[in-house]
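Let us start with two forms of the same protein chain, each given on its own as structure tokens and named structure 1 and structure 2.
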Structure 1
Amino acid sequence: MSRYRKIINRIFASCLFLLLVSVQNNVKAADGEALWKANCANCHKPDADYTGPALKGWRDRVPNEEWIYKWVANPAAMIATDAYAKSVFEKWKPTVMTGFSNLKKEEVDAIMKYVDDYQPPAPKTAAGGGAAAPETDNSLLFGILTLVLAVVAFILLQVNSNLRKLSDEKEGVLRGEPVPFYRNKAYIMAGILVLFGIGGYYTINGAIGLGRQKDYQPEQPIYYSHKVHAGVNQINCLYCHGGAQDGKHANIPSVNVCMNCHMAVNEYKGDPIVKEDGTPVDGTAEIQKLYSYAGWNPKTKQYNPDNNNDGIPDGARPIEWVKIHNLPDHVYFNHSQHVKVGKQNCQTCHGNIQEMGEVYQFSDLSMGWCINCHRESKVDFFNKETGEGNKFYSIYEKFHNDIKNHKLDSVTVEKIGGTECQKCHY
């Protein structure tokens, strides 16, 4: 009987080994994409120019394959010494790529392999050619499979125990009666620890996520498509949200700002607009809703008369937009400081807003998310020799000397106090 026990143990060990190897291979395959999303996706796209150039086909552009490692580690030093690096900077200036000296050569290889192998996702359509089906979440399936594997492991342990008992009886070995699993202190303790671990994990995650609303996408009074306005029609964000450049708040545009264009544009003739759930949107009907809020008569092409002398056309009322991005009252955030001084694009915090239909919250806007951005984002540091950059930073004499002596290739927001508590909480 001991021979069978050894065979079963070997089979079980082999299955466990294959499972671990499979998981390891999957993790390795995902490393390139994970590293890309963590370090590159904010500024680059694989197949299209963004804040930085498209990276697909990089091998055909760089002088040699070793060049990419030097560039990733220290772009500023490369710009000063390498002709091709200087030409890249001339095309994309004043933006200078953040150096990632912490990335190992193998990690850079994984990122660039992901870029080389990247294929744009095929459009998802229903079988009848209709709207795309919503993406499915496989978490439940993985949970069920994990539970099944746990049950199988428990059964194998019981089988092993019974085979050992039969073997002992045949060989005349006397052993005490085994303790039932539901009374076994080791099993009970293991179960308690597992429950505490799972409960603690979900409790901590729930506590961390309190007040956050990433992916929040409320239904608005008017279906306003940023994809149509900022994407197709290339309307600058600051035309509607002028406060983002000049003040603390980006501001929601008044109805009059919308009417500047829609006095003339009274019908939607673009590509069909479809919500995420596949529901079609009548663009012309949404424009009519705007007219109703503005008190505008599209037939006479005039505002309604002000019969009650309150200073606004009869029937006009403000649009009750649902606010999406909310920060706690104890957090200070200034849009102009980031847009005008920090020269950040709207997409840094709001995602590819020009590709969104109805807007949703792209980032979780947590303190950790902001701090990581401050650790990585470079300051538009004033260059005394060329006179370029923000003159406010000319007072940081030490950093100027460090850059001049090549001790630093750039200065991040963190180095000028961007991670100090009182910068955002006071």
Structure 2
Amino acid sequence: MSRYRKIINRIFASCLFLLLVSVQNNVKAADGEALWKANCANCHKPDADYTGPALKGWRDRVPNEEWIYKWVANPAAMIATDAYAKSVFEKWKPTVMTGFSNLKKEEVDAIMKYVDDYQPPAPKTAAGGGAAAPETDNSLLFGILTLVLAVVAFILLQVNSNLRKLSDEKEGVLRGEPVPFYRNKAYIMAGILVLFGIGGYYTINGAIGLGRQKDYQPEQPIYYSHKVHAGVNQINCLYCHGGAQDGKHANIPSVNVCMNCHMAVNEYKGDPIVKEDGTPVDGTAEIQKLYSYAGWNPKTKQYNPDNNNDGIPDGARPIEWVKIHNLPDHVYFNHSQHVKVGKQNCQTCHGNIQEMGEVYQFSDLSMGWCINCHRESKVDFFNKETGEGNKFYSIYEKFHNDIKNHKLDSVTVEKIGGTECQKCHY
């Protein structure tokens, strides 16, 4: 009897031990990063030259295992005596690395492990169907771990209750028939709570997503192909959407902008166009539709007469394009701030428009989408020494000092307030 109990206790103890070990490891890795930031990051980057050399790959360069401790403790002495140290110094002189005799061997190990493990932040995917960059996400691992632990706990509880039953029987204590686990109130309650949690999570996420319309691709009154215009014929986006440079809205061009070219271009002779569902599009017929909207007579090559005296050619009317991108009314978004000031490409937000037959919404336009980009993107920060960058940002004294002292190498939109509610919400 007691033998079983011992086994169970052992299982418990090993589980606990494993848990502690994994926590311990995390603490160590974090230490390496902190030590790195505090001592080395002013001059080094793991993967790029800075004031000192990029450190990744150091193991293959240095002469032996012990070298690193001696070097970190006293670089000047090493440069004087060690051939490899001298060769590095020759490349980086006159800067001499400061010595860190206070760092213990384990601490140097932790720092160098951080350097070895360092992964540059995943590059932003420019196109690629809007797939988010794969993140180092541990939640799946934790989920599986939790599940395994839950199952183990459940089995142990069952074993425990069986053992209790056996020992009770042996000692002659009489108890009522035990409740099977599926009728046990505690289990049922736990089950309900879990279901409630999962259900709530999906309901709330669904509710937040209401009104979002990623991939929305309505049928337009004219099959107007961005691929033909912006792609094949290389017409600049700003020729039609000049507002993106100068104002809040990018604007949709009016009919007369189309007619600048289409008074002359009256048929389509390019590569055959097919819609996504496979139906062919007759480009020339689509251009005729444009003429009908413009009140243009392609035979006489003239606008229709204005017999009803309303100031426009008879039959002319605006094209009722279906708006694809729609932010809710409580959000303020300004194109010129992003295109002209922030130097963002149209494609970052709208996808490869120049390859789209019909435009579809590439990004989900969620709040998280805006905020993530503001956290990652750098502003064109004014550099006092070279005089380059956006002069507006000469006012942020603190950031200028931090950059000078190498505490900061760039300023993100978040730092200038790009995640404050009132910047985006009316």
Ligand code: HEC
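In this text, rigid core is short for the largest set of C-alphas that superpose within 1.5 Å between two forms. Residues are numbered by position in structure 1's sequence, first residue being 1. Since the model is a prediction, treat every value here as computed from it, not as a measurement.
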Subject >> Identity of the form predicted in complex with the ligand, given as 1 or 2 >> reply: 2
Original post:
Do you see a C-alpha shift of 2 Å or more at residue 154 between structures 1 and 2, with the core held fixed?
Top reply: yes
Original post:
Is the C-alpha displacement of residue 291 equal to or greater than 2 Å between structures 1 and 2 once the rigid core has been superposed?
Top reply: no
Subject >> Core-aligned CA displacement of residue 212 at least 2 Å between structures 1 and 2 >> reply: no
Subject >> residue 203 CA shift between structures 1 and 2 in angstrom, with the core used for superposition >> reply: 2.3
Subject >> For residue 77, CA displacement between structures 1 and 2 after the core is overlaid, in Å >> reply: 26.7
